[in-house]
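Take a look at this single chain, the form predicted on its own, given in structure tokens.
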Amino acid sequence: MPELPEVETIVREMRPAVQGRVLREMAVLDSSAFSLSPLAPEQVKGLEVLSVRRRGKYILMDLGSFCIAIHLRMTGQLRWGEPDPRSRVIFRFSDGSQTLSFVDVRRLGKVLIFNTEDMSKVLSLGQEPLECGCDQFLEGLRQRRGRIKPLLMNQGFVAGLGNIYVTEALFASRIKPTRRASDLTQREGRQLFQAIQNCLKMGIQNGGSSFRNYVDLYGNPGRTQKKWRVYAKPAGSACPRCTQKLRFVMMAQRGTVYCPKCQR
């Protein structure tokens, strides 16, 4: 699933493509894409896209008092150019033939349309890891008894993190994924906060990670996967830091690898 760096990459590419253009229509080829949407596509027809931004793993298009939010889920892609015949939704604009196509092979992604004033209620997301302060992050950890990896992947706690960047940040900060959040020392918490920010910034700088389905707005894969240190490595492979054999554990229905020597 695309995480914060992948979504941020797409948002940055979308701004010059669609910002300031009028949304002429949303051609709905698969109505299930709107199954969770509070409002219908007709509500935003003829409105100008005032800004494009990200909130967690959501791509947001602001149209005055309305907002369109797109969540790509596992296989979703946004493609700019000629209409893609595989699209679930095609966004057409009033000043050109190029379109924004929402392609989603497994049909798990969603498009939400809602009143802007209802955003916090509709999306219900936690703090942004690249915008919140370290003290705010540490206070959140102190109040949680859950294990650190599932907590970091909880979108109500921190918005935008997923399996890839959490695994890498925990390795970078030398924290075992099964540790309880409230048991981390202040020093460990600060190391983790810095590691999360570093991993996300590196992901953005390298256009995201392409492991299975992710490509950017123009069909280009990301490059961050070349810089992974432990994510997707099999159990038993050597730790890149100490050569100890990596271990595998299932947590909250997600598999993760860690080093039993480096991560305590």
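Numbers for residues come from their place in the sequence shown, where the first is 1. If you're wondering where the values come from, they're calculated on a predicted model, not measured in any experiment.
Heads up, the form predicted in complex with the DNA isn't pictured, but that's what we're talking about next.
Asks: Using a 4.5 Å heavy atom cut-off, which stretch among 127-135, 189-197, 91-99, 106-114 contacts the DNA in the predicted bound form?
Replies: This holds for exactly one stretch, 106-114.
Asks: Would you classify residue 79 as touching the DNA in the predicted bound form, given a 4.5 Å non-hydrogen atom cut-off?
Replies: Contact with the DNA, no.
Asks: If you check in the predicted bound form, is residue 255 within 4.5 Å of the DNA, heavy atoms only?
Replies: Residue 255 belongs to the contact set for the DNA.
Asks: So, residue 226 and the DNA: in the predicted bound form, are they within 4.5 Å at any heavy atom pair?
Replies: Flag for residue 226 set to no.
Asks: Residue 121 near the DNA in the predicted bound form, any heavy atom under 4.5 Å?
Replies: Output for residue 121 is no: heavy atoms all beyond 4.5 Å of the DNA.
Asks: Establish, in the predicted bound form, whether 1, 144 and 212 all lie within 4.5 Å of the DNA, using non-hydrogen atoms for the distance.
Replies: Yes, because 1, 144 and 212 each have a heavy atom that approaches the DNA to within 4.5 Å in the predicted bound form.
Asks: Within 60-97, which residues come within 4.5 Å of the DNA in the predicted bound form, counting heavy atoms only?
Replies: Result: 71, 73, 74.
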